[in-house]
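In structure tokens, the next block holds one chain alone, the form predicted on its own.
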């Protein structure tokens, strides 16, 4: 494929900008420099801003006070590529196969943010833009955006805008336009369960000393009732029921149970009673065990009663739920259900507030018009199951909820080996950017 736009994306993906691994610190700066050069090349004023972590790249059109300003956010950092042996081709040697670009970051988020950059570039080549544009592209999204809120506060005046657009979400179905109007928040916790001072002989002490691994299993089992509801007291107190139009939108979603099962590689779906799978994914809060360990893990049998065990849990939250409040409830729950003979050490992890945008508002309708104009069909309105914690920071500090216009295909395998981005989605994203800017100018 000789399209120079695709060549740009391949070059972008070749840079191993892995924010979680310090060995790639130089690559992070190289990637930021590449973006500055690209933004300047399309005609923007661009530079890097230093933070206590990785640089933030800023690009701006010449400001016209008579026009609205649209801020476009993205990130240039990517997830670690491991396990490398599961990639068909090397993660940072992007290849095109069957109309898709394979490489780490192709979909999350390099392909999506570059589509917006090139869209602005093409629009500028055609004449003056209908709006002012600010690009804010950070290098720490995959590690929690730890310095972004501070940056937004410090540069609030320079980043003042009338709308915020982000493409960092997934389509409801392949090729189906999608506006994500809500994302779940997150609250993470690690629970360590301690028993005896050292591993014990399970024959000599078993039945007389509490087993931390068994206690961990009982605590995990206490998290849900038989109907799949989270059993923590007060967990649902602030959850608002879905509105009628939301349930209609979920029912009309092109994302089917069969597609969800196929993507997950399972034969049967299960979850909270009374809700469809689409509703469970985006509109209902959950508690998920992300890891568990304790005792002997090697080959064969070792008859020990382990001294300790652990599990990691994350709570995905919906609008009005507060991460800190949920973690406090979880602590009380685990203490209440702690079996005798063990002690708990609970450590809070990262958190982020849920996000909600009224898709029936003026900006939501503008985004829907742009999506329909480019894709030729009405967009699906979805509540996304994942979390982008910085959305709350944008809304609190800059005063606007973000428009989440998905370009990633459902089977993009973001964060997994063989991540990919359809070339057609990339080129469509360029057209979508131009349509969106026109609609937001109205």
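Positions refer to the first chain, counted from 1. Worth saying up front: this structure is predicted, and the values here are computed from it rather than measured. For the two forms, the rigid core is made up of the largest set of C-alpha atoms that agree within 1.5 Å on superposition.
We do not show the form predicted in complex with another copy of the chain, though everything after this point is about it.
- Comparing 241 to 249, 325 to 333, 281 to 289, 356 to 364 against another copy of the chain in the predicted complex, the single stretch with non-hydrogen atoms within 4.5 angstroms of it is 281 to 289.
- At the 4.5 Å threshold, heavy atoms of residue 43 stay clear of another copy of the chain in the predicted complex, well away from it.
- In the predicted complex, another copy of the chain stays beyond 4.5 Å of every heavy atom belonging to residue 98.
- For the chain shown alone, residue 198 is a contact residue for another copy of the chain in the predicted complex, at least one non-hydrogen atom being within 4.5 angstroms.
- A residue is said to contact a partner when one of its heavy atoms sits within 4.5 Å of a partner heavy atom; residue 306 meets this definition for another copy of the chain in the predicted complex.
- Of the listed positions (208, 86, 125, 160), a single one reaches within 4.5 angstroms of another copy of the chain by any non-hydrogen atom in the predicted complex, namely 208.
- Note on the partner interface in the predicted complex: the residue among 176, 218, 147, 369 having a heavy atom within 4.5 angstroms of another copy of the chain is 218.
- By the 4.5 Å heavy atom rule, the three marked residues 188, 271 and 340 all count as contacting another copy of the chain in the predicted complex.
- Residues of 373 to 392 lying near another copy of the chain in the predicted complex, listed in sequence order, are 385, 386, the criterion being any heavy atom within 4.5 Å.
- Core-aligned CA deviation for residue 351 between the shown form and the other one: 2 Å or greater.
- Shown in the overlay between the shown form and the other one, fitted on the rigid core, is a CA shift at residue 309 of 2 Å or greater.
- Superposition on the rigid core between the shown form and the other one places the CA atom of residue 122 less than 2 Å from its counterpart.
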